[in-house]
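Okay, so here's just one chain, in structure tokens, the form predicted on its own.
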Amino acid sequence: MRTGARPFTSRRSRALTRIVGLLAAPAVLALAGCAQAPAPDQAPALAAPAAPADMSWLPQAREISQTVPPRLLAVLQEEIARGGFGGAVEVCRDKAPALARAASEQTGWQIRRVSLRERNPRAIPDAWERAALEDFDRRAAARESAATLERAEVVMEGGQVVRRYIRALPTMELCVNCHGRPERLNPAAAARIRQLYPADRAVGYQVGEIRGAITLKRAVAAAN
């Protein structure tokens, strides 16, 4: 009897083994699929975060921008007291660039005045300055004070990292004698402007409006 039982037990064991194998196969394949690492070309690309620009230079640029205009104003007031507004036009033409050059030599920054409606051709803004001035005008139209408007950025120019700063220059009461509406211009100043700047565009301003800006520029390599 024991001899006859062996074939039955063997057949039953083999059948159970096949059933277990068939049931287990999908689970093994599923586990193998979950464990498989994604192909390198299918892995999501993660962009490295951009490093924040170093703006530690901003206080210095802001301070420099606030020193040149008062110096020019003092020179203009002296000339007006001595010879009137006619002579002040020439002083502004000659002294303003000279003061900017002197400040540039002392500080290492390139300094100049620019305007969207220039009088001196050397005051024509570049693309970055123009964008800033246009933004200043929009903000001033939204009732922001012109005296508070500024922009500071680190930009790439010609493959070089450059620090740039610009600050709006509002029109003061004294300025309308040479930059105000035509009917408000000082007669002597108006006559001298026609002689020196036949293509002048720097008139029509009212007190408080943005007449232009003082702008500073410095390459990072030269700033250390």
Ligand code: HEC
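As the structure is a prediction and not an experimental result, all values here were calculated from the model. Note that residue numbering begins at 1 and tracks the sequence as displayed.
Quick note: we don't show the form predicted in complex with the ligand, though the next part is all about it.
Mapping the unseen interface onto this chain, E118 counts among the residues with a heavy atom inside 4.5 Å of the ligand in the predicted bound form. The ligand in the predicted bound form is approached by A88, whose closest heavy atom lies within 4.5 angstroms of it. Within this chain, A61 is remote from the site of the ligand in the predicted bound form, having no heavy atom within 4.5 Å.
At the 4.5 Å threshold, heavy atoms of L73 reach the ligand in the predicted bound form. Each of C92, H179 and Y197 is positioned with at least one heavy atom within 4.5 Å of the ligand in the predicted bound form. Of the candidate stretches 150-158, 103-111, 136-144, 80-88, only 80-88 has residues with heavy atoms within 4.5 Å of the ligand in the predicted bound form. Residues L169, P170, M172, L174, C175 of 160-175 are found to place at least one heavy atom within 4.5 Å of the ligand in the predicted bound form.
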